[in-house]
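Next up, structure tokens for two forms of one chain, structure 1 and then structure 2.
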Structure 1
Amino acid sequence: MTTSSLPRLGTLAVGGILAVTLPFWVGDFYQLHLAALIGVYWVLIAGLNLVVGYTGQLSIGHVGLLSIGSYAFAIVVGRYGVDPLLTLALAGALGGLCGFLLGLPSLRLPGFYFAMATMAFALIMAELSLAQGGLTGGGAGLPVPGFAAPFDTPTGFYWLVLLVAALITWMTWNVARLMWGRGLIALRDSEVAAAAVGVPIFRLKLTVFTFSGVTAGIGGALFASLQSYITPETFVFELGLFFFVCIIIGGRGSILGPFVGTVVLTALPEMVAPLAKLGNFFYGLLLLAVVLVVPEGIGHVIKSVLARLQKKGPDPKGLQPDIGRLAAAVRRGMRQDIQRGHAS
């Protein structure tokens, strides 16, 4: 372990302790609900970050995959009585399958055409959830059962969300820091250059998008249980834009930045609660400020601050030149030049 990594590990340890002990010092259950909502959103955004932040694909329709996981959880647990934890895994598998089927044709589209395809998917899912009343409850929606003990209390559910979010974060961190992550960044910066060095472009895109579908399905199941009742209006298209903006504000190409963006944008309505009518104004103002002032995102600012707090490189005193040795070397060189001049 290097000395420069100690501050980062210390920050990570303090953050982990605060997250685990949050139910013991939080003010009320609503604040705990807000913390759980941040964790649920992060489960989805952590996977989406690999698509948007690392691969550079403009996916704005992940709310459709979120709704699939939510309705799957509500139907399978509520109507058929399947174990909620097993259904959580099934929702992730279903989200991954839908992500695979969506990405198979749409990932061949360039840039904004792919974004339009994901937007169309989100709108189609909203219409299907409204039209299939016998399955989804239509406009009336569906009640969503909770998890069994020990996750049947607000504190227990928060710890479940924290565990799932930590697992997803660990998985995305491993993808980002290893060869896959370097391949994703190369693909984002230049598909031609990435293909030239042997990066499997389409397979990499499809794999990452499928993984983001898995995280969206799991996040949807947790989201439905947290809400306890879901309707088609729960999964508005603006929610998909919210997920996308969290990554842009946090900063692409990192994990810490989008997480900070998720926390800030989820908690922002509570910070400006007395000015609720101006909520969209504050969202737009924050996005504009970040794009103009810190285009690299909030994560870049945090990394810069941490880098300044770390002692990098050797002590500057050790870099001072040895004047005596330098003068002796110059004198020897001059004598050798004089001797060669006499010899010639």
Structure 2
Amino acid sequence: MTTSSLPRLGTLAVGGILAVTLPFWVGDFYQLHLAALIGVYWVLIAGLNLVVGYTGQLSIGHVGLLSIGSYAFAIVVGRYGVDPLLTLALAGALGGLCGFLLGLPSLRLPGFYFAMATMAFALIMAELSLAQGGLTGGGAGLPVPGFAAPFDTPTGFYWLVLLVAALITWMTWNVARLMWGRGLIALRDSEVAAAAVGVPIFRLKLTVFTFSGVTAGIGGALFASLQSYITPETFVFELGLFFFVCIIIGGRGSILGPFVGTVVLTALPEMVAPLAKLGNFFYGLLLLAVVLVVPEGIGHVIKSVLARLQKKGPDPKGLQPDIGRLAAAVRRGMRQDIQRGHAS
């Protein structure tokens, strides 16, 4: 991973500068809005990526958690006049709590059961937001206030989103690349094997799911503020499917892939008018094509193509074992064992 860190850092820096200065070179406010929307989606998807991409738990109902964050923000700020930034944290905490409560029973269920449970959760949330008219405004919806002084313009709001998104990306990156991420991937590939080597399966799943609830709550608060008016119609089940599709198309077990997926899938229907009309049909078709042709996701394809271009090797996946080093390590290990044997 750290072999080519210099070009990687360079790319990251260029990307960061481009993202920060985006309000100055982007064409109009609509495109800025789109960029902010991508950022908001990414806040949620970054957390969901740990659940879907790394842990392999197919949650298709994260839109329910998103709606919780949105309504919490709209109600707390709009009705009680609490500081928006404080409420942002509050929405995250509430989202995390709901994620925890949802995960507690449902993460014990096997694959399809879990997917159905999260889908049911999304439908229940839609139903509750309609039924609890006194709290959520029912079908008529709620107006959502914006943020305070430095973040009240579109540009300021974009920077806030960017800040939050960068922070959460950094956090997920830390989780993914360290011991946690290894545990998650082990869990995804074989639960039995992971349990056998001492990965605390359920606790790990629940922690990651709770974290994804936090990001969903924060994303929901930002989303509500961006939309400035929310109704139960805003949080249709298909939105949850969209988040899920972004990750699967981007590629499981990577952060860059789902990010590219989010950007492309959010921007493409806006840029190409006929696709917007097809909407979910397009997403479904894309998902089907990816699953059938490249189940590892498009990010993986790009990566292997890049690797092939750089190395011109026969097989980008193939590893050449360093026999000498391996033998040395084994010898060293044996020596240590012997020493330990003497010591005891």
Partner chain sequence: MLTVLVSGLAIGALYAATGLAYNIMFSTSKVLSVTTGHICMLGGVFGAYFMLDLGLPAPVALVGAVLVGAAFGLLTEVIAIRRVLARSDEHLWLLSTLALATMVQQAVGLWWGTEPRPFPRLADQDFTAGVLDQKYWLPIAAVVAMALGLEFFYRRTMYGKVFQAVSEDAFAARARGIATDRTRALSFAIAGALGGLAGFAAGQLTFAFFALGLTLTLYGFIALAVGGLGSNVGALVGGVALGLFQTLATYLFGGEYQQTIAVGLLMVVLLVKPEGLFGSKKVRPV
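Each residue is numbered by where it sits in the sequence of structure 1, with counting from 1. By rigid core we mean the largest C-alpha set that fits within 1.5 Å across both forms. Being a predicted model, the structure only gives us computed values, none of them experimental.
Remark: structure 2 matches the stated condition (the form predicted in complex with its partner chain). After superposition on the rigid core, displacement of the C-alpha of residue 68 between structure 1 and structure 2 stays below 2 Å.
Its Cα shifted by 3.4 Å, residue 286 is compared between structure 1 and structure 2 on a rigid core fit.
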